[in-house]
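Quick heads-up: the structure tokens below are two forms of one chain, split into structure 1 and structure 2.
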Structure 1
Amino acid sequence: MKEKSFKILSPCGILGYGFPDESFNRAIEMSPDAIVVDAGSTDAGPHKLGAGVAIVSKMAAKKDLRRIITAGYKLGIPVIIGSAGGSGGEVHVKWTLAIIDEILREEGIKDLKQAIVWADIPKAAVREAMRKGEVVPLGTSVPQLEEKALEETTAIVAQMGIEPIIKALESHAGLIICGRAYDPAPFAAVGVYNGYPKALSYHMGKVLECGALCCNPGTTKDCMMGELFEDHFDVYPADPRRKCNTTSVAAHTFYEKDHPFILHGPGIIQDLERCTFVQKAENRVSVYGSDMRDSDGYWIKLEGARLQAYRTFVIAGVRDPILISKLDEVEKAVQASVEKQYEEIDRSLYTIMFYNYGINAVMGDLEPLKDVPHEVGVLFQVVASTQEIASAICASLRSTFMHYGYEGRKATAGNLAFPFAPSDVEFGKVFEFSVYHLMKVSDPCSFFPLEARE
């Protein structure tokens, strides 16, 4: 008799990143029991959460969602989307729902039961937890959360664990749209709901949430299968040209985590130190020995962003070797001149920054090499309390830099090669993560309400 198992298809690492039709069709022929896709990430910075925009285009999200939703519907298996719209806030979930509605209408699907699990955290709840000392910074460089930062934060989400998603599965929804979720949680939830051990389900979710990134060559843009058994799980790519071996899967546990084998999630601590990786077949790796324990209290990770400033920037090239040899000095002089030209604007209202590509733009003061290149890309930016100030100061910076008469100059017609006209780019709002804290909760589901949708 064939051993009982449960197959989860992860079509790609981020919903909207795309996946080849051939891979997806092959994966569907393998008869998955669920399709789960992670749509989220904080990797692209605080702007998506703060400004309420998605991380992929509508066109990209719709293309992926259409294939996933119609395949799941035809097979009669659950489809789960984690961290809808990228940041998983209300506006991001609603953006996703609007796309889903278009697809269902266009495909003539009328009887797909849906469930939404929201992940927005009211400020009042955070304030209450702060009073009880139950909000702590996540990391030693994150400041304690203060009322001012909380007040300025545009929206707060929290990463849900498996519990609210299991509730959605219990409602027999065919399509579950989750707000912000711990990346592996939607995968783990469907495994646990179907009776598989939590530690295996979570570890398999951790591998699957990145699509085929655990393969060689690895990519987030291809389909990966995970299969849960009683005492282990298997992973294998839908495209046999991708090599999946014990090293590539073991190495993947490192990815984007602060520790190689201790992973903290909502209510849990995974311990993967004693895992063993076995090559079961070509391109199929079995993982044994995933361990986990409940954490001391159930803590959820809060994420929130606030407006920091407005930015205007210019990109220009410098090819003159005399200027390149004294670039830092010239930039300082240009900045001083601009500050003097705008004496009436308080210095605390704006900041001028130069990034010299070719010298040390990527690493700043940490750059160990001091080579002098023949060409430098200069990016200068002004961030200010208003867009108007940012643009005014930046324009002045550009014209001063362009014509600045530094000592030893021979090229008296101009210092900068602008690739574009106009040269100044109004970037708009700059956000920062103002909330990145853990909050203690008594019930893993209380902040993640379930909403049925027909």
Structure 2
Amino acid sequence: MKEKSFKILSPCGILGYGFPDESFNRAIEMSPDAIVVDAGSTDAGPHKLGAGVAIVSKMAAKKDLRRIITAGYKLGIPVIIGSAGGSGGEVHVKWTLAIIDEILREEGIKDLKQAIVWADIPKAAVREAMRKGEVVPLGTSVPQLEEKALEETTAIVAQMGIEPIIKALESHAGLIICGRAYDPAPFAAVGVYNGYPKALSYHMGKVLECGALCCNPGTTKDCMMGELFEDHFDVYPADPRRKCNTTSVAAHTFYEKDHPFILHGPGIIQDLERCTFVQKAENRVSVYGSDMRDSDGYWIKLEGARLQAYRTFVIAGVRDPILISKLDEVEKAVQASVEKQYEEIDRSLYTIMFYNYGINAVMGDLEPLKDVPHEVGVLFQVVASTQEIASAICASLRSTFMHYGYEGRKATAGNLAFPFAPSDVEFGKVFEFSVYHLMKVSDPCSFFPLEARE
């Protein structure tokens, strides 16, 4: 008798990143029981949340959604999207819903039951939790949340756990669109809903949420299959050319964690210390021993952003070996010159930054390689309280740098080569995380309302 199992297809690491048709078709032929895809991340910082824009283009999202939705509809299996639109706020979810409506009209699908799980958190609720002492910083570098920061925050979302998504599954919706979700939660929810252990479901979700990144070569732009059993789970790529082995899967278990085997989530603590990874077949790994316990109280992660400043930047190239050898010195002199030129502008209203790609731009003082390259890409930016100040200071910085005279200079035609014109790019608003905290809740579903949608 064949052992009972449940298959989940993860088509890619983030919705809109894309995946090969060949892999997806092969995965569909494997008869998955659900298709789950994560659509969000804070990896790119607070801008998407603060500005209310998506993490990928509409074209990219629509291409992936069309294939996922039509496949799930034909198979009669649930499709779950986590952190819709990237940041999972109301504006991001509505952006995703508009794309879905276009697809359903174009495909002639009229009977797909949908469910939305919203993840927007009212400031009043956060304020009340602050009053009770039930809002704490996430990490030692995050300050206590103050009223001023809360008031200036443009949008707040929270990472939902599995409970609100299970409620959506209980409504028998064929398409579930979630606001901000803890990345493994949509995968874990469908596993738990179908009767599989929570610890195994969460651990498999941790592996699947990045697509085929747990393979060699790893990528977020390919399909991964996960299969739950009563006492373990298996993972394997849809593309047989990608190699999935015990080391690659174990390594991905450690991915984005601050502890080797402890991983915190909404209301849970995963304990993976006693896990074992077994090569079940050439390209298939079985994972045993995943463990989990409830956390002390149910805490959800809050994410909020506020407007910090405005940015203008310039990208240029330098190929003069004399200038390259004195680059740090010249940049300091150029900055001092510009600051003196605009003495009437309070220095607290703007910040000048240089990034010398080719000389320590990535690692800074930690860079062990000290050889001087033959050319350097210089990115300099000004972040200021207004766009006008940012652009004015940056333009002066660019023109001063362009013709700055340094010891040993042989030519006066210009120090910088610009790849495009105009050289100065007004980036616009700059956001910062003003809320990056944990909030205690009494009910895992209370702040994640479910909405049915026909």
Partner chain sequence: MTRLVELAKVLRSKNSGPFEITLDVLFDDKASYERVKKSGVIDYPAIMKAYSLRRQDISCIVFFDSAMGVKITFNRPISSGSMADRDVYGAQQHAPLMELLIPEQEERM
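In this text, rigid core is short for the largest set of C-alphas that superpose within 1.5 Å between two forms. Numbering for residues begins at 1 and runs along the sequence of structure 1. Only a predicted model underlies this, so the values are computations on that prediction, with no experimental measurement involved.
Please match the form predicted alone to structure 1 or structure 2.
Structure 2, which is the form predicted alone, differs in this respect from structure 1.
Going by the two-part rigid split between the two structures, are Asp371 and Pro186 grouped together?
Asp371 and Pro186 are in different rigid parts, judged by which superposition fits each C-alpha better.
Give the rotation angle, in whole degrees, of the smaller rigid part relative to the larger one between the two structures, based on C-alpha superpositions.
Between the forms, the smaller part turns 6 degrees against the larger.
Please give the CA displacement of Ala333 between the two structures, in Å, after core superposition.
So the C-alpha of this residue moves 2.9 Å.
Quick one: CA shift at Leu366 between the two structures, core fit, Å?
Its C-alpha position differs by 4.2 Å.
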